[in-house]
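In the block that follows, a single chain appears as structure tokens, in the form predicted on its own.
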Amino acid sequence: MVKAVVGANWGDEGKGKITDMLAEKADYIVRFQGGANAGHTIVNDYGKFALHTLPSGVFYDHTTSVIGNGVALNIPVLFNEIKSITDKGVPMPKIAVSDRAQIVMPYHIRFDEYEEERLGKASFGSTKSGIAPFYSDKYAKIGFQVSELFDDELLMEKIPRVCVQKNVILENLYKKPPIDEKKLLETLHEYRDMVAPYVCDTAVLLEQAIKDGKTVLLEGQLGTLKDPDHGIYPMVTSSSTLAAYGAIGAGIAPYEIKQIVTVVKAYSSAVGAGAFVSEIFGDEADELRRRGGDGGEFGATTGRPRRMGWFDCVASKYGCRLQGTTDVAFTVLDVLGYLDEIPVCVGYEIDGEVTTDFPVTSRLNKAKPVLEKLPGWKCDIRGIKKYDDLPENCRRYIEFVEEHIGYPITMISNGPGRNDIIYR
């Protein structure tokens, strides 16, 4: 059985917690896209962690953590992360790295920094993890695949070819020092030695796991609205954030994905630039940010304060549809307990007309939120385990959202811990 855990919105929906929770009954957890540019925050018996490359199910000793072929693999980041969890008493995880995954190179990070610097105010709000330059190289066919680390003849031919192209840009556009070919080869050898014990054909590994009736969990990064095709282009990430891509990024058949758990936050938040119709500002935003998440709404990768907004039915319905949602996991509901009334965005007004369909970016930039206010429940709901024990106004809020997005809310998260969950 293959399940996917993905985000409906801008990312930061609480996927890490849901993956960590579902991983209890899983055998393999696969990261299938993206790199160390997003973080998944997890609170469990070992403590609080922000993971960037390791799958969120890494804390169970019965699971194997798989870095799929679709991942932007920053090898030193992966190994620092393994060390950061084992240093806190987590048992050494079982890890498999795809021989077809491609490597984030040190120059990708430099290019990311230089380009954001060059763009100035027109920048994309990148996390400067090298992701866009990495995927640019992958599709321009000048990336380094993990398997290539073990072929010195190939590296000796490829390194000069790649450096010629990179150095023209470094020296002429950015006025920065060129890449040293000898040092680059040394770096690749270091990477080879680090990753060698974990490399395998992960697609074969997962095919066998599926045949053996094992449970495979695909973990996506970010959310629908950051997808390069279906998101708020160009303020998107560089790899597909959709569950459908899980089949490609993990190397499995698309029909194997039987359950798609789409994580939806009980309010909205976003890191980085781009259209955000239900956004709020000032004291109202500060209050929600301070109370939000576990310890406040700040990016797990950058530490940047997240942009805040009310729940957006238009964006969430669209996000769930494109993910192919079978189940909605509704998170951080406990945060809203301080409000007398809770605004919800139920439509977008664009050029005098109201729509409930999520538009393309040029129209999205003109959209104004149509808000409806629901009564708050004014109490702490942490610790509640049964749906019927939630306050009436809280249940009303959940059912209102469910009706507007059109997908079943089957899990409700009412706290940061692994067990703060209500099944419906």
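Not measured: the values here are computed from a predicted model. Residue positions are given as counts along the sequence shown, with the first one as 1.
The discussion below concerns the form predicted in complex with guanosine-5'-diphosphate (GDP), not included here.
- At a distance of at most 4.5 angstroms from guanosine-5'-diphosphate (GDP) in the model of the complex, none of the three residues N9, T224 and T325 contributes a non-hydrogen atom.
- Residue D334 is the only one of D334, E81, E113, E279 with a heavy atom lying within 4.5 Å of guanosine-5'-diphosphate (GDP) in the model of the complex.
- Comment: guanosine-5'-diphosphate (GDP) is not present in this chain, but in the model of the complex one of R396, R363, H62, R382 has a heavy atom within 4.5 Å of it, namely R382.
- With the partner left out here, guanosine-5'-diphosphate (GDP) still marks one of 354-362, 367-375, 64-72, 34-42 in the model of the complex; by a 4.5 Å heavy atom cut-off that stretch is 34-42.
- Interface membership of R306, defined by any non-hydrogen atom within 4.5 Å of guanosine-5'-diphosphate (GDP) in the model of the complex, is confirmed.
- Residues S413, N414, G415, P416 of 401-423 are found to place at least one heavy atom within 4.5 Å of guanosine-5'-diphosphate (GDP) in the model of the complex.
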